[in-house]
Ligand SMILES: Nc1ncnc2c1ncn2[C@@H]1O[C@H](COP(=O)(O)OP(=O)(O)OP(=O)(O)O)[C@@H](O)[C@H]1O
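Below, in structure tokens: the form predicted alone, a single chain.
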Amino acid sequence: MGLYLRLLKYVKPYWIKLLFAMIFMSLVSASNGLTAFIVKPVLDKIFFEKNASMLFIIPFGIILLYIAKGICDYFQGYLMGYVGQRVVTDIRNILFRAVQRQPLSFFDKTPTGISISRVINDVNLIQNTVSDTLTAVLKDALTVIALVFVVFYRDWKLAIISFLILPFAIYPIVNFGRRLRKVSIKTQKSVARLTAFLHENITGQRIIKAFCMEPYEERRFEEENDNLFQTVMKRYRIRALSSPIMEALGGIAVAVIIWYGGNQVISGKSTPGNFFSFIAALLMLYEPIKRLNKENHNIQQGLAATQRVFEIIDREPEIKEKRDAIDLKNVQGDIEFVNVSFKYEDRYVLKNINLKIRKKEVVAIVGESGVGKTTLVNLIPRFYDVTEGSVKIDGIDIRDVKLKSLRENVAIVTQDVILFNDSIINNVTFGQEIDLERVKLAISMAHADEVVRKLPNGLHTNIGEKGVRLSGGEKQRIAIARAIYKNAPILILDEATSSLDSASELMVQKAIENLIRGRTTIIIAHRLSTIMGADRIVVLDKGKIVQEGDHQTLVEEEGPYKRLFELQYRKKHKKVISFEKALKNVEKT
């Protein structure tokens, strides 16, 4: 009940429409009660007393009654639908905002498909609970009240006898509802897993086809799909069992009433019209009660979805902004890591990092895979918070500043370029005010003019999901144009050229030269050839800084950097020798 009441709080802004919907709903329910009520005058006045004048009055009254009922039914249906849809739209917006507030660690642990399932599938189930089911429950509940009034008005003794069976009818509603909610939670988890599988499968089609793994993926899908089938069938078993129980209880009640009421009519204590009016009201009462049982199943399913949605809405993000946080203004670009350690679950990724980066300095961070290079730079925009120590910009601890103002001063270009299913111009400006001249300048500085010129609609061409219509180098240059347009004083380049061919790398490298000009720049790179011109190179090993200096200094002293350099140079040297040998073999042949 607490969960449902919390859900109904979202109705509050639309209470006026809800009030009118309730009024029209009450009129519909009253008309149902009136329909049962007029059975007595129809039978007694027309069929038994043969009153000719009533033969015209009562049918005309019935026509007016049903016209009025239809009008009220339309307005209550529309208004309740409006309220329900607005509530669901609000909840979906709130849920999406809650997802957006979560730190990267949440997305690291939660498969994409599961998050999508909560926003789409779970909210759709809430939609049924708030709009359709709520309407049905209120209407049926009011109809039950109206018909109960008719039943007690016609024969209160007979009504009491018929309602003795009510506790037996309530038990299956409550018991089955509780079981159904548990099954519904399992069903939604199973749907979420299936959605996650589909997302992974569709985005990984290139690899699946390359390894001829279609049959394997089909078997995996069939297993997940079968698990969903088994879970859904549990729900159907519960729903299918509740209906026969309600039918049996209803049959017992009607049998007892016919026996008792028939004796009353035969003994002259009641009229046939009165008894049939009572029976009509009781039979009409049975249907909404049975529907309430059915709607309770839908409510439990919706509450299970509500529970999962509120888990995300109530989830407190690990990255929190202080109440007295300040705006980071006039950033110069000095960055300092003070005794920084970072632990992921139970394992330290970084340990006792002390590093000062001066404004407008270009610093490269190198090291083998898994030593914490990307983790280190992700601490600057607070994608993660330090476990120990602090990160400072211009001497201010970044935990003391507002997240928005912090991230507005940091631009990032990564190896895995993220472009959106939108136009070039919207990808470059990405939420900022569009200044066409600035866009053109950013495109030009990123050496992406040619990319834009060959597109059918230029800057307004939609580049598809993840920029699928562009090559790797072209996507990288658009990402650089986006960073140039942002014009942030701090720049992070995370393996920005590692996956490109030589021609594309040359173009991207030229764009990067324009990008880093006048900015504090941190470059992560595996290819040492791309960072030899950095002001300073920092070497990480096992989460610690082990070397620091420029390229010439580091290559002359024994250490990890020299080994990395020699390893890469030796590989290139071997390739040259192998190519020369191949040429000699060709000449001999």
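Predicted model, so just to flag it, every value in this text is computed and none were measured. Numbers for residues come from their place in the sequence shown, where the first is 1.
Only in words, not in the display: the form predicted together with this ligand, which the text now covers.
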Next item on the list: Have a look at 435, 327, 450, 368 for me and say which one sits with a heavy atom within 4.5 Å of this ligand in the model of the complex.
Entry: 368
Note to self: Going by heavy atom distances of 4.5 angstroms or less, which of 110, 375, 444, 296 would be at the interface with this ligand in the model of the complex?
What the structure shows: 375
Margin query: Check residue 344 for me: does it contact this ligand in the model of the complex (non-hydrogen atoms, 4.5 angstroms)?
Written below: yes
Next item on the list: Evaluate residue 495 for contact with this ligand in the model of the complex, applying a 4.5 angstroms cut-off between non-hydrogen atoms, and reply yes or no.
Entry: yes
Next item on the list: Consider residue 415 of the chain shown here, and say whether it contacts this ligand in the model of the complex, taking contact as heavy atoms within 4.5 Å.
Entry: yes
Next item on the list: Evaluate residue 72 for contact with this ligand in the model of the complex, applying a 4.5 angstroms cut-off between non-hydrogen atoms, and reply yes or no.
Entry: no
Notebook entry, point to check: Which of 91-99, 328-336, 406-414, 346-354 has heavy atoms within 4.5 Å of this ligand in the model of the complex?
Noted result: 346-354
Next item on the list: Enumerate the residues of 221-237 that have a non-hydrogen atom within 4.5 Å of this ligand in the model of the complex, in sequence order, or give none.
Entry: none
